[in-house]
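Just the one chain here, laid out as structure tokens, in the form predicted alone.
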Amino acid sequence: MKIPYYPGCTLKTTAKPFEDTTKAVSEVLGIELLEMPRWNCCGTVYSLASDDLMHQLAPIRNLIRVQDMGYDRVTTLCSMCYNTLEQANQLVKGDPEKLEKMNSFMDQEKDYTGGVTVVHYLTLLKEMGFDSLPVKNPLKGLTVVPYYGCLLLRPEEISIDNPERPTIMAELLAALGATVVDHPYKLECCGSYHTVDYKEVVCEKTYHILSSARKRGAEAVVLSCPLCEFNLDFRQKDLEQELAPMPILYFSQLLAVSLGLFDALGFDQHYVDPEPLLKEKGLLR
């Protein structure tokens, strides 16, 4: 399977392990990720102002890149990138007048026709079938909680799963052999960009999310958002007196471990190192 791939900015910097493990996994699974030429930042967040078309230029320009490649689907990993691209996409698909105005703004680009579908990588895996994954190193003995946060599931129109009762990540982790437990904070916002100017808000969110997971027997949290990963992982630095350390992992990292791919895990870029836990479980060589 060949599919255009939109990395976004963070996967080239602080979330490099997310991209590296996904690329390694994709090679084994026969997914050829075609990184888009001349991609630009997605815009980071989707504008909620109904008249703010200028804010939608960045995501739509990326969809033009996909169109120029001759494809009608694009995949991405970052929850925020997925949300921004797909919300902008649905906006112009549902409003021909706005689409025409957007195309007129970008007079040096080819017109976007609205024919591209944005697919999160988790959805690609589900289409392939979680039970068909060639697991060599089952995650037996590891108890995890999936954490979805906001942007994979809200608003409902772009949700990759049931926005109130998502199971997609739990199904994947169970197929990899992990024990998956549920917890009430799996849809809670991590605090997002408040980590810059209201760190105490993010610390409070982190405490509630992780303490809830720990109370239910979880040994690690699994997610798909670089900003959530930063907040839940690095903000533990400010909660050392209140919380026992808990590893925060991208789903692709555990998928790589389960497929026996150990060379690009990137655990050294985490604040709480997942390696001791995985070695204790006999999951790392």
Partner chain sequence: MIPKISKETTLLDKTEELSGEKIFSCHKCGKCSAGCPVGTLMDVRPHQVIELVQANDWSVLESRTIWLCASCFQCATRCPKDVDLTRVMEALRLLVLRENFDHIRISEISKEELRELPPVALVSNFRKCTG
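Residue numbers count along the first chain shown, from 1. Owing to the predicted nature of the structure, the values given are computational and were not obtained by experimental measurement.
FYI, the form predicted together with its partner chain isn't displayed, but the following is about it.
Visitor: When its partner chain is placed as it is in the model of the complex, which of 123-131, 211-219, 197-205, 167-175 ends up with heavy atoms within 4.5 Å of it?
Guide: Contact-bearing stretch, as computed: 197-205.
Visitor: Which of Leu239, Leu29, Val45, Leu34 has a heavy atom within 4.5 Å of its partner chain in the model of the complex?
Guide: Result of the distance check: Val45.
Visitor: Could you tell me which one of Leu77, Leu85, Val144, Leu151 places a heavy atom within 4.5 Å of its partner chain in the model of the complex?
Guide: Contact residue from the list: Leu151.
Visitor: With a 4.5 Å heavy atom cut-off, would you call Glu188 a contact of its partner chain in the model of the complex?
Guide: So Glu188 counts as contacting its partner chain.
Visitor: Is the gap between Ala58 and its partner chain in the model of the complex 4.5 Å or less for some heavy atom pair?
Guide: Within the cut-off, so yes.
Visitor: Does its partner chain get within 4.5 angstroms of any non-hydrogen atom of Leu243 in the model of the complex?
Guide: Judged by the heavy-atom cut-off of 4.5 Å, Leu243 is well away from its partner chain in the model of the complex.
Visitor: Is Leu227 one of the residues lying within 4.5 Å of its partner chain in the model of the complex, judged by heavy atom distances?
Guide: Contact check for Leu227: yes, within 4.5 Å of its partner chain in the model of the complex.
Visitor: Out of 50-69, which residues reach within 4.5 Å of its partner chain in the model of the complex, heavy atoms considered?
Guide: Heavy-atom contacts to its partner chain in the model of the complex: Ser50, Asp51, Asp52, His55, Ala58.
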